[in-house]
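One chain follows as C-alpha cells, the form predicted alone.
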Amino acid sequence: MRLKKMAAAGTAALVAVALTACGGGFEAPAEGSAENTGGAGAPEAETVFKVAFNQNADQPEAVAMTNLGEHLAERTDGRYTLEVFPNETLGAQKDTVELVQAGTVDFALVAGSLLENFNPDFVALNLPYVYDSQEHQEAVLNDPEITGDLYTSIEDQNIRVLGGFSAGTRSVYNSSHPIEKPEDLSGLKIRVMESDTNTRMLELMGGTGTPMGQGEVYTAIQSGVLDGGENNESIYSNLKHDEVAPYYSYTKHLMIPDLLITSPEIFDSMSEEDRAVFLEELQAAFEESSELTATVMTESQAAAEEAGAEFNEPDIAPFREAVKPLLDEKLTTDTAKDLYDKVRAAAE
C-alpha cells in the first residue's frame, strides 16, 4: 500500500519537478527532431520525435511509447508525436545515448546501467537484488523525492532523464545446462549489458560476463563465442534465444530499469503546456507498460517452453550472497549510499 501511495504522489511531483527544470520553452521545433515523414505507426504531426529502442516493437515499453505518441498528437492538436524505432534501428543503446547528446535522436530508452558512465551514482538503481518486486521498482523510479536529484545530475552532459520503466526481472540462460548454484556458471561466457558493474556481477555469480550489443547475441551463442545471456523472459523468447540457449534459470538477479532520456534542448523546444501534456501521458505510459509487462512475461515463458526451452527455479540465496561485495565496491560516495538506502527503505 505504501508503494502505491508513493507512486501516486510522485505523479504530480514528477510533472512539477520536470517543468521547473525545463524553464521557459521555445515555440519552434528543436534542431535534430524529425519532421513528419509518413513513417509507419506515427500519426501525422508538425514534429515527429524519434525514439530509439533496442528491442522489438511488441515490447511493453515500445507499445506504451507508441500510444503516448498518438495521445500526444491528439492533445497538442498535431504539433507533436513520437515514432518508435525498434530493434536497434538507430543503433545499439550505448550509441543512442551519444546520439541523444548530439541531438541526432530525440529520445531513447536505455538501460539505467549505461548512465553510470555519466554519473556513477546511477549504480544504486542498478545493483543486483536491490528491488523486491516490480511494484517496488516502479514506485522508486518515478518518485522525485528518491530519484529527482539523480535524474537532473547529468543535464550538464546534455542528458535529461524523464523517468523509468520496469523492464522485468533478469535471469541467466545458457546453451549447456540448468544453473542451480553459482558454481554451475563456472567457465560460461554470459552476455551482459555494456557496463563494468554487470561484468563484475557475473564474475561474482561464478561466470564470465561478456559485454555485447543485443543485436549480436543470437549469432554469438550459435557460433560458440558466447554460452548464453541474462535477460527477462520476453526478450529471451522474442529474440529466439531459446533456440540456441534452451536452459533458462530463474536467478532473478537484476531488475535494470529502462530510462527515457532526451536532451534539455529537445524537451525545452516544446511550450510549457505541451511539456506538461507530454509528462502526463508519460505517466500513463508507465502504467500501461507495467500492466503489459506482467502479462507478457507469463506468455513469453509459455512460448519458450513450447519451443523447447527448460525453466528451473534455483535457490537465489547463494547468488544474493555472492554479489554482496558489489555494494562496497560500487557504492563509493555518500550520495550513492544514501540513494541505495532510500530505495531499500521504499520496500518496507
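Heads up: residue numbers just count along the shown sequence, starting at 1. This one's a predicted model, so the numbers in the text were calculated from it and none came from an experiment.
Missing here is the form predicted together with a small molecule; even so, the following discussion is about that form.
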| property | result |
| --- | --- |
| Any non-hydrogen atom of Gln55 within 4.5 angstroms of the small molecule in the predicted bound form | yes |
| The small molecule contact in the predicted bound form: Asp258, any heavy atom under 4.5 Å | yes |
| Contact of Ala167 with the small molecule in the predicted bound form (heavy atom, 4.5 Å) | yes |
| The small molecule contact at Gln93 in the predicted bound form, heavy atom, 4.5 Å | yes |
| Partner-facing stretch of 144-152, 99-107, 190-198, 119-127, counted where any non-hydrogen atom is within 4.5 angstroms of the small molecule in the predicted bound form | 190-198 |
| Contacting member of Ser237, Ser249, Asn231, Ser263, with respect to the small molecule in the predicted bound form [4.5 Å, heavy atom] | Asn231 |
| Contact residue in the predicted bound form, chosen from Asn158, Thr210, Ser175, Gln214 - any heavy atom within 4.5 Å of the small molecule | Gln214 |
